[in-house]
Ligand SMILES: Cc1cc2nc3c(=O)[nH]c(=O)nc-3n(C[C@H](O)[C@H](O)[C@H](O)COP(=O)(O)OP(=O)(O)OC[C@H]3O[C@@H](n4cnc5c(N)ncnc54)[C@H](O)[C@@H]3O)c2cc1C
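Below, in structure tokens: the form predicted alone, a single chain.
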């Protein structure tokens, strides 16, 4: 009997455990390790920030659901990996060995790379429900005391969708309260243009998002490197296309929601051959690490190069559609090795994302993520808002009922077919 350990109980780790269990049954032991016993549907955190959702709506205890599926669950968390010994050291100083390890931890948030950044200092985040809940208190204060606000994505960030979501959800909420004109909004991003999304643009994303920002009177600064954040101001260097500082900005703001760059988590940092310089797990075409081939990784914690070089560094996004593909690839490759066969399954690096704006939204599809693409499409409209809400319910159901079948592709493609049909009809 092989022991397969999965580290991380999020959007990647839980489906990983369920899909592996469905493939290998009770012949092999599957153990899911997480730091804590809660699951947070991270894509809903911007709604928590503006009080459209509560913490209880987007987070729940998962122990019973995981164990009911026949998967051992450990919520102590991993302190350090010892790959040469096939061993994990946990935070309670206990140890657990493995035959195969799957890393699905998500990232470490690199707030320390900008002076004054982070929920413990002068900016907010929607990367965790803790951060979103803290941001909601500051948002309530802003509603009572209208003042300028900044939303953005710092240099090195790779997850731009939630930044756009937050900016436009904030605009919608302020309009609902009738105080939008009292709260100047500025979007600051490392992207070379609005709608770049870390993907070199998708379809007409630049035109559509610029038009949306203009319509909603949201100012923006691109090619931006944030140098410092205080309680009163955000300091920004704006770069030219030649790579020189074009202008420095000191922007007054009483509320800042700025997404950070990501790094790999501390448990795997500095392990030669396993991670790159920023701590991301190095994987091959089968999602396995070349130096330690019994270690697999998926999701935001893996090393993927930027889609293109930009003046201010941007990373490549890793969306749910892509993560599900990695889950399936790893499941089938581990199963093949257990059966004495060669690995044969590769993930498809396709990007599909729904971004909610509160009263509408955008969907973008880049297949594959890297250019040239077979499919490059961008849609804006109210249907995206409803699709995002439906996806939240669908994924929560999957977690609570131990659904092992991949569903993202089926769900997303059905939703996109509806949007594409409406888009085609609107253009006739």
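Source: prediction; values computed, not measured. Residue numbers count along the first chain shown, from 1.
Just so it is clear, the following notes concern the form predicted together with this ligand, a form of the same protein that is not shown.
Between the options 107, 358, 279, 201, the residue in contact with this ligand in the model of the complex by a heavy atom within 4.5 angstroms is 107. In summary, among the residues 352, 261, 347, 71, the only one with a non-hydrogen atom within 4.5 Å of this ligand in the model of the complex is 352. Figure note: of the listed segments 336-344, 187-195, 292-300, 308-316, the one touching this ligand in the model of the complex, with heavy atoms no more than 4.5 Å away, is 292-300. None of the heavy atoms of residue 53 is located within 4.5 Å of this ligand in the model of the complex.
This ligand in the model of the complex comes within 4.5 Å of a heavy atom belonging to residue 33. Of the heavy atoms in residue 385, none are within 4.5 Å of this ligand in the model of the complex. Within this chain, residue 77 lines the site of this ligand in the model of the complex, having a heavy atom no more than 4.5 Å away.
Of the residues in 41-61, those that come within 4.5 Å of this ligand in the model of the complex through at least one heavy atom are, in sequence order, 42, 43, 46.
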